[in-house]
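Encoded as structure tokens, the following chain is the form predicted alone, with no partner shown.
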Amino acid sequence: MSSKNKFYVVTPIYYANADPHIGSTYTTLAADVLARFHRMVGDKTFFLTGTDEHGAKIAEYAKRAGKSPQEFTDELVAKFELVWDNLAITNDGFIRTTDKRHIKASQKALQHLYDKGFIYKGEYKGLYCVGCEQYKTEKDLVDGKCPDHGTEPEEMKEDCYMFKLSAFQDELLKKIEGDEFKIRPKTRKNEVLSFYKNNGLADIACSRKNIKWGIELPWDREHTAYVWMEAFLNYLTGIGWTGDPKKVPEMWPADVQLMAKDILRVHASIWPAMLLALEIPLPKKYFVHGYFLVDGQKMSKSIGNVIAPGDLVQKYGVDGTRYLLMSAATFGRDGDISWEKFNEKFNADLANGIGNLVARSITLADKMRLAGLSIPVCVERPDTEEKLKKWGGRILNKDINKNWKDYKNHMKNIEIDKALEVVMNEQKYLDGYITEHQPWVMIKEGNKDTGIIMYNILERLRHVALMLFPFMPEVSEKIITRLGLDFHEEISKNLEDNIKFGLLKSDTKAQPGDSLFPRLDTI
């Protein structure tokens, strides 16, 4: 299958030591938006997410909770799945590193690396951060502490197996520099290149001795696989890979791997090196997003500024939450959020924006029907001067093709917030059109051109609903239904055919409904 016909998007697998937070929610929502879009354009799509459940840290958390590691992770995984369901996440697969199929395939792959000489017996001495499940160098530390966890790493010396990461330095550097292995935004690519050139890749420990909560190495049962090594393999095992390097699933390579910037370095070194050693193609692109700050500060339970995904859904609804998070920042950069900012944006963009546009458009169409006025037949799209004159020169297909082109390009380039801007600009344009032509006055006057104006409004609203689908699927369905159309029929149509102007039938019966986004009282 050619790349233009398939789309495989993956999130990192989330560490199952705490409830889902806004960061993991942001990544997963972005993946869902991209997956929904690619399904809409007809690509064979697979969206994978899941949980990382092995390692010393998980075992320690479980012990503190008085539970076995399996019981502990089972409970947390259920919470992840519930949050994703509540946010209308449409992942095609959910991989757990405790799944038997993942364990079996990982052992087979690691055995292959060992047999080829890429894994060898050694001894590792270094600074180990339990929070990161990683060895650190002095350069990685800030004031002697891990910058991510604020703790001093432990000095460790242990017998282990080593992975020949250094053997792939030159090849990976060349692939990253030449964009054969894409890392975006380019600022993140430059960070990785700087790391390669200033630090270089050194062989790494790929096993731990006496850590029982993990995947046993098939050739030495006293050792379990270093958590990153086996966890990375989920991107393959999650689409059915059995561990045989010669039998890679057709959906591989991943078209996009999404991640936050804190895990980029290991993803840009250990994981692609493993793939090169296995002679499996690299992912096509990494896209790295930033962090959310709350009023300029990092989220912290001690500060009391943590914003949980469940609280967002409770206040703003599913689609409101999806919109607010996807529009909160330029995708790829840090964003500054707060409840106050969310409230303002909800009222401005959703209650007064999309919600008001839909309400006034459908209400006007209903009033026109009650007044005995009809929308003229638009079987023939006004693509000639003669047909245009027949419509009084007021057909509103202005810029619709350009808007769709921009929208699709932004989505394909993972400029998610910019694609959403196209939709919101269309909403503002339509609001202006309604204000300019005042169809409510035309209805009272019995103006024969009322139908032309209303057709323009409703047809453009159909395009807005289609553009909104990846972002706000429930709202998209409500708009399409209120236009008198069958939602599932509309969404299942070939998008290229369905985004032509003039497809809304003249006998469509608009159906008023409740407010899509009731305005919030922010006082």
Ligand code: MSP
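Just count from 1 along the sequence shown to find any residue number. All values reported here derive from a predicted model rather than from experimental measurement.
Same protein, other form: the form predicted in complex with the ligand, not shown, and the subject of what follows.
Quiz item: Which one, 404, 181, 241, 292, lies within 4.5 Å of the ligand in the predicted bound form by heavy atoms?
Solution: Among 404, 181, 241, 292, a heavy atom within 4.5 Å of the ligand in the predicted bound form occurs only for 292.
Quiz item: At 4.5 angstroms, heavy atoms only, are 126, 158 and 208 all close to the ligand in the predicted bound form?
Solution: None of them does, since no heavy atom lies within 4.5 Å of the partner.
Self-check item: Interface membership of residue 267, the ligand in the predicted bound form, 4.5 Å heavy atom rule
Solution: Yes, residue 267 sits close enough to the ligand in the predicted bound form that at least one of its heavy atoms falls within 4.5 Å.
Self-check item: is_contact(residue 27, the ligand) in the predicted bound form, heavy atom dist at most 4.5 Å
Solution: Heavy-atom contact with the ligand at 4.5 Å: present for residue 27.
Quiz item: With the partner left out of view, is residue 32 within 4.5 angstroms of the ligand in the predicted bound form by any non-hydrogen atom?
Solution: Residue 32 lies outside the contact set for the ligand.
Quiz item: At the 4.5 Å heavy atom threshold, is residue 109 in contact with the ligand in the predicted bound form?
Solution: Residue-level check for residue 109: no, no contact with the ligand.
Practice problem: Sort through 446-454, 224-232, 158-166, 200-208 and report the only stretch with a non-hydrogen atom within 4.5 Å of the ligand in the predicted bound form. | Solution: Of the stretches listed, the one contacting the partner is 224-232.
Quiz item: Though the partner is not shown here, which residues of 236-264 have a heavy atom within 4.5 Å of the ligand in the predicted bound form?
Solution: Going through 236-264 in order - heavy atoms within 4.5 Å of the ligand in the predicted bound form - the hits are 259, 260, 262, 263.
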